[in-house]
Ligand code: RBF
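Read the single chain below, which is given as structure tokens and is the form predicted alone.
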Amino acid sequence: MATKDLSNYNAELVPDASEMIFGIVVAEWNPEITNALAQGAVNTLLKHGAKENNVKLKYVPGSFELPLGAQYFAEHENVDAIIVLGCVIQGETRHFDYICSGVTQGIMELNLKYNKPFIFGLLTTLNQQQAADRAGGKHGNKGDEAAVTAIKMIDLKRSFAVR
């Protein structure tokens, strides 16, 4: 679900989240960005009816640890979806490429392994300003987008179970 403004969506198309349980795993690296992403996700979940005690946050040291943190949620918590939030800003080395690729691959594999939505909320930007623009700035908040995606994916999965 990619949009120009990450926080601009039709709220009428978002299902009720009152009976959904969410895990949110947040990287501690770039905290001014990742904390804003987490706050956006939490606020959006609550806006759509999620109960405060059904939104569980956990932190990992950096973005590379996000897939394992998300896996721990799947294995040790009763959650319907896991939102993964982090920020990698390109530097002068290839470190950026390896981290982004590893996290992307890890999250994709978790979706399939656990048959549960793991929502990719990793910002991969060229600079600090681009990250700020996507963490509540002029392009909205990727945390909002990730929360809406989580709600919609849980609803989609449940729609297959009801027959």
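Residue numbers here begin at 1 and follow the sequence given. Being a predicted model, the structure only gives us computed values, none of them experimental.
Absent from the display: the form predicted together with the named molecule. The rest refers to it.
No residue in the set 19, 47 and 149 has a non-hydrogen atom no more than 4.5 Å from the named molecule in the model of the complex. With the partner left out here, the named molecule still marks one of 36 to 44, 129 to 137, 113 to 121, 59 to 67 in the model of the complex; by a 4.5 Å heavy atom cut-off that stretch is 59 to 67. At a distance threshold of 4.5 angstroms between non-hydrogen atoms, residue 88 is in contact with the named molecule in the model of the complex.
Although the partner is absent here, residue 54 lies well away from the named molecule in the model of the complex, with no heavy atom inside 4.5 Å.
The closest heavy atom approach of residue 107 to the named molecule in the model of the complex falls outside 4.5 Å. Taking the named molecule as it sits in the model of the complex, the stretch 20 to 59 comes within 4.5 angstroms of it through a non-hydrogen atom at 27, 29, 30.
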